[in-house]
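A single chain, nothing else alongside it, follows as structure tokens in the form predicted alone.
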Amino acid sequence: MSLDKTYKKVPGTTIFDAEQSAKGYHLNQFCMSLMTAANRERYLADERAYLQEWPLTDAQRQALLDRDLNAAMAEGGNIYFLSKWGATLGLSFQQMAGSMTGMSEEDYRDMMLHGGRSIEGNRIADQVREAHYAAEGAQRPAEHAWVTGAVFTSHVPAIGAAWDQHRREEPYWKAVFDGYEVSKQWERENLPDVVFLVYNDHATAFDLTVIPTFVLGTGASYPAADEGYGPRPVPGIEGDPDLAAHIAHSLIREDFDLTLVNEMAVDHGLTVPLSLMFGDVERWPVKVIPFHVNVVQYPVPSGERCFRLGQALRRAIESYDRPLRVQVWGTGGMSHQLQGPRAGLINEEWDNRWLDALVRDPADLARVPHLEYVEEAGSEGIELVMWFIARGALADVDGSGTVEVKHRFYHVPASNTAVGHLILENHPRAEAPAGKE
């Protein structure tokens, strides 16, 4: 079903959701800049010049010049951010609230002293509320996005370095890159509009200051990160803020706690899979929604949790009312250990049994405990739990369709790692709209 946003119809109320956040990102960041005394002084000294430093829309800039909080919120402002701006102007919260109601500060304060604004006359209309409850349980929209397939692959940083340094024909690397030739052809024939790319950040965008479990990229673009050797010479990532906001709304309503990030650099965990699947390009041929999973510091999410998230992700995608073709990629792994006396551990037999089970019985495989990954696949083999998000997003999981193995590849080694790769095409019983010809 389409996501319900009846909250937009509550009178006199602007709900700050992911769409509003994207719309007002630079406006709210401007407000945050006023949390330092030096910036406040510069702003008050020359308001127009300071505003010109920010990529605001004309409507946002005019709302600030007019001291119009309602207009600012309509343009994506949030009251907690705007309060920083109001404080800079010397306004109290009651002054700001009063200005939005058409009341003087004195009248507003008097209203609050007499019990505040009455709820009577300030609810949504009965017919709107009834339509809201009647719509619950409705079917997905006639035109909607579809998950067309899943890609699973290792994201070894040395693969990216070998690619960038044009070492692809060297005997050591040729066997790795040859394993992705079928994949490039498949992508050319099945190019999606959007890739939802599951990966883990490797102490690049997130250090020990903040350790989020699940991060959904909701921004418009993401640069390649400098991981110590300079950023990879690959195109920047174009995001899809509208679909990302929709997914955020849907997954959080299904009780998956996400961290939403509008700005972050993306490291090899995301860019290496793109190079392997699309090759050398001046611009990536798809939009990408990054989805980071913490598999660096324990506790990390279980395979079951990731599997359920993948199922919720497909529901979110299919409730989006635009006919987009979406692929979900799960990256990381396979067996490898990068630290301690066991560094260099590879378990080919376990890896291939795991790949068999991922295709045949992913629900059972998702119950494998963390201890088995660490013992059998190495300390960094735990990255494989991320593959369950992509696997859970396919139609055979709930019996609404089938999957087809289009390609499978396994190779040892690529630097310190076993390389695993799998492409599963999704075949829902109710056929998806073409989206792209």
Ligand code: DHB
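Numbering starts at 1 and runs along the sequence shown. In this text, all values refer to a predicted model and were calculated from it rather than measured experimentally.
There is another form of the same protein, the form predicted together with the named molecule; it is not shown, and what comes next is about it.
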Can you check 239-247, 154-162, 275-283, 176-184 and let me know which stretch has heavy atoms within 4.5 Å of the named molecule in the model of the complex?
-> 154-162
Is the named molecule close enough to H202, H268 and S415 in the model of the complex that each of the three has a heavy atom within 4.5 Å of it?
-> yes
The one residue among V296, M103, A74, L338 placing a heavy atom within 4.5 Å of the named molecule in the model of the complex is L338
So which residues in 371-400, when you check the named molecule in the model of the complex, have a heavy atom no farther than 4.5 Å from it?
-> E383
